[in-house]
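The form predicted alone is given below as one chain in structure tokens.
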């Protein structure tokens, strides 16, 4: 039985968001096809202009913006895209590290990205290892000015924190959710203690229970080639994929009684409340009235 969900999106909050659909470097003049919110899209680059349109003989182009190495489009009236100023810093290596299909809802994928508790068990020997399994106390809030979920003071011991890291270190994280289906992770930089590396996840909702997860890595790393950075991130994604696909239900429950929270889930609890407060219905199981 196919796991494809064909329902079109009628959630205006999600329709009015920008959604990443492909890496610019992987796009050519030949038409490529993808799905977004249940609709078939065609995209290409002609005369240095990116064009995205619905695939059902619709010749009217959809809104397009190119940002952070990816092509973004919108099926509604686009809101401003969040800023990621680190991407523009001249001494960073920016890598479009992966675009991976996963049978799960977009909110489930974002929530997994926020979870430090799975590091020692899913990413053993890389992002975590036993007996270093404790998730230390951290802070999480929704910012008043930008309406983003921000988690700070997140610390976790990691045997290999980045592609170019040598030896284990206590890594400090800042998690940021500036978009219902996107998350940005800032983490300790092995090469410069005064700055942070950036890993961003832009989740493309093909439908309610199928996504393409696009990863951007923006690091201060003079030693690792882009291919090594890409392979490191794809290894992490490959370990997460089967865990995500085995989660049930596929949609993210927003009712706080639906799944038992623990301290490691503090960011997930705030993220779910944030989605619920915005009235988001696509890819979630709304809380009971």
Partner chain sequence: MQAKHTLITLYDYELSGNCYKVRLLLSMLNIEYTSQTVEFYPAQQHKTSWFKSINPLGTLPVLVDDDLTLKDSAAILVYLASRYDKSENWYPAGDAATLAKVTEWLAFADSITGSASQARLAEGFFYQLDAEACRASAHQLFRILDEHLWFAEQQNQPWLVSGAEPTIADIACFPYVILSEEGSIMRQDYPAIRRWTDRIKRIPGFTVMPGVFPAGPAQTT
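In this text the structure is predicted, and so the values were computed from the model without any measurement. Positions refer to the first chain, counted from 1.
Separately, the form predicted together with the partner chain exists; it is not shown, and the next lines address it.
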Residue (of 100, 150, 84, 196) lying close to the partner chain in the predicted complex, criterion heavy atoms within 4.5 Å
100
Should residue 176 be classed as touching the partner chain in the predicted complex when contacts are defined as heavy atoms within 4.5 Å?
no
I'd like to know if residue 187 sits close to the partner chain in the predicted complex, meaning any non-hydrogen atom pair within 4.5 angstroms.
no
How about residue 39 - does it come within 4.5 Å of the partner chain in the predicted complex, if we only consider non-hydrogen atoms?
no
In the predicted complex, is there a heavy atom of the partner chain that lies within 4.5 Å of any heavy atom of residue 26, even though the partner is absent here?
yes
Pick from 235-243, 216-224, 47-55, 61-69: which stretch has non-hydrogen atoms within 4.5 Å of the partner chain in the predicted complex?
235-243
Residues within 4.5 Å of the partner chain in the predicted complex, restricted to 198-227 and counted by heavy atom
206, 212, 227
